[in-house]
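The chain that follows stands alone, in the form predicted on its own, written as structure tokens.
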């Protein structure tokens, strides 16, 4: 199985013959290009033109993050899974208010279900989160238009994040803050969400969907908004659970952060997060319909396949809802 390659230092990616190499003052090593599915750069990494061509030919996405762990952008290979029919149908579904509202509502339904499932897991472990579960259960998903659905999504996150203070006492979360995060928990959430966004983008690349045509989030210039849509469904199961394990087992502690213009993970803290995040993606679960074990990462790609079936009128879309 191919794995992501994470580069945590400053350096240069270049091509020598048909080999991808990485070099800086300390190393000059060969990258096993056929063993990786994406490259995530957390330092200042320059790409020589030959390396770009090789990565494009091998269909490998390169994602860049700044020192705060914020996603900066992607070198996205030429789309090879082309289906004009799928892209036209995807655009028509976005442009049809009824179809768009149905898909957007179903995405929020999946997110809501997985928030509840995650909190139920910790409730069984003795955490006092019943109040937050009830608030999430009672919050209706209004669906007259996309603005109502987005408003419902926002209220669900407002009910969900305060429960973090009951699951872990180490890093209190008074409110969700972005760019820059002002405390440790906000830094962890932002970094985890950035990782999930790039993972989702990589999985969309292996489907016929266009990553810029979305349903819940508004499509914009220079943004792969469909990745935002699908990632929202999986944040509670993948990002939240990764954070709670890291914090509650002391793998991440006060020493794992720096305070600059905002709070962000140190190199060592970031590497611990990435390692545990990748372990979560590799976790397998038996799929009730496929009757075989699939990884959490593959569940994300399946969400893309389900959307394609829906917009092609093959099968009505039902978002991922954790069944275990």
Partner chain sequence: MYVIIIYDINTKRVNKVHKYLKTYLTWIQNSVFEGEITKSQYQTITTELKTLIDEEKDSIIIYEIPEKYLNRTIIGYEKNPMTMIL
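Rigid core here is just the name for the largest C-alpha set that superposes within 1.5 Å across the two forms. Residue numbers count along the first chain shown, from 1. Model, not experiment: these values are computed from the prediction.
We do not show the form predicted together with its partner chain, though everything after this point is about it.
33 is the sole member of 263, 33, 47, 281 with a non-hydrogen atom lying within 4.5 angstroms of its partner chain in the predicted complex. Note on the partner interface in the predicted complex: the residue among 295, 271, 66, 53 having a heavy atom within 4.5 angstroms of its partner chain is 271.
At the 4.5 Å threshold, heavy atoms of residue 14 stay clear of its partner chain in the predicted complex, well away from it. Although the partner is absent from this view, residue 321 stays clear of its partner chain in the predicted complex, with no non-hydrogen atom inside 4.5 angstroms.
Among residues of the shown chain, residue 259 is not one whose heavy atoms approach its partner chain to within 4.5 Å in the predicted complex. The closest non-hydrogen atom of residue 286 lies beyond 4.5 Å of its partner chain in the predicted complex.
You can rule out all but one of 295 to 303, 251 to 259, 22 to 30, 66 to 74: in the predicted complex, only 22 to 30 has residues with a heavy atom within 4.5 Å of its partner chain.
Although its partner chain is not shown here, in the predicted complex the stretch 1 to 30 places heavy atoms of 1, 2, 3, 4, 5, 6, 7, 8, 9, 17, 18, 19, 22, 29, 30 within 4.5 Å of it, in sequence order. When two forms of a protein are overlaid on their rigid core, residues whose CA moves 2 Å or more are considered shifted, and residue 20 is one of them between the shown form and the other one. Here residue 29 counts as shifted, since its C-alpha moves by at least 2 Å between the shown form and the other one after the core is aligned.
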